[in-house]
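Only one chain is shown below, in structure tokens, and it's the form predicted alone.
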Amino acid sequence: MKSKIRYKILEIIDDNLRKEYLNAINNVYKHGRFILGPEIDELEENLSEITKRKHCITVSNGTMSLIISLLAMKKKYPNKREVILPSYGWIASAQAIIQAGLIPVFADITNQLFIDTKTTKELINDSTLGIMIVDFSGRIGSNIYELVKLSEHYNIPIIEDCAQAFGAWNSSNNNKVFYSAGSIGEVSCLSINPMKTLASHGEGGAILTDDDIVASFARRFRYQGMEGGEIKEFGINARMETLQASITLVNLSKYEQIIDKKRSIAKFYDEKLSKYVETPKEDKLEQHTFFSYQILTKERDNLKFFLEERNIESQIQHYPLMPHSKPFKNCKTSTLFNAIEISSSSLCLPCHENLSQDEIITITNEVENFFKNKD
């Protein structure tokens, strides 16, 4: 029996890389500043520089980065309650809105799995606090220019959930305006954990903004509302651990190579599979980081079962849609034609940096075999 081709491998299989991680951890053990140590400062400085943001505030996880950012927006716009977000995606985006005491409103998505401009515009009203764009699957949609102009026209801030897309960019609009993950809107929210392109070995996150007031609030809130040794307001303990920052700094020097490998796999998949399924084709002026490689096919369930029988893991993400799940079934939505269609036909193939060439070829061969046997 063939060994299983796994959807994701989290073990550290490279001995040299393991040594780098252990050396980074050992440095933390030496200085003993396990909370808000020098590695936190270094990571925040590096992320600010990469994203060209004035401020970076690390926090305990990606969901917390969303919650704190939304609370900052709530303080800034106290008479607004609704946050528009895409209906297709990971539930953390909607959960954060609820936890911040706000109301999620679900828009449709484009074929790029990005929030749709038209249905977003239809949902805007006097209660709209913000538009949450989600760089889902590792890409920024080509309609980002339109969404930014929409937010400017209505004076509604964009909150960017870039949890899956560190390193992504898009300039495929007519004006060739360049947008990169972590730099869009009033505040951007990053997740840093073992599943992400920029990974830690536990949980972490970061808030990226150019707004001094938002940044000050986030720094206080993550440390029980403390500033200068005084309690200034309510807060919680939401600090990123120094050990996780030390691991992230190692990975920060490697994320571009990881993206290159995943893009290479995606290109191979596209060449081999586009005649059988709808593949996530890149625009010429974008960098898709392929956090997930999602194909669309009416044969989704049968194909998944076929691959499982051949020891190839795949994943369905995320079904049912958030507004169709119990906690959100009474929330306001737009027409969700595209989201419903995509959620019922989307399948994620393995697309991680530890895949061997033989495994990549096996995956494409088996997908081809499935469709050829149907003819």
Ligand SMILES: Cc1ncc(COP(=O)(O)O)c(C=O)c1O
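Quick note: we count residues from 1 along the sequence shown, nothing fancier. Fair warning: this is a prediction, and the values are worked out from it, not measured in the lab.
Unshown form predicted in complex with this ligand; subsequent notes refer to it.
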Residues in which of 91-99, 141-149, 180-188, 294-302 have heavy atoms within 4.5 Å of this ligand in the predicted complex? 91-99
Closest heavy atom of Ser172 to this ligand in the predicted complex, within 4.5 Å or not? no
With heavy atoms only and a cut-off of 4.5 Å, decide whether Asn193 touches this ligand in the predicted complex. yes
At 4.5 Å between heavy atoms, is Ala168 in contact with this ligand in the predicted complex? no
With the partner left out of view, is Asn61 within 4.5 angstroms of this ligand in the predicted complex by any non-hydrogen atom? yes
Partner-free chain; cross-checking this ligand in the predicted complex, the single residue of Thr209, Thr248, Gln164, Thr242 with a heavy atom within 4.5 Å is Gln164
Ala218, Leu198, Ala107, Val134 - the one with a heavy atom within 4.5 Å of this ligand in the predicted complex: Val134
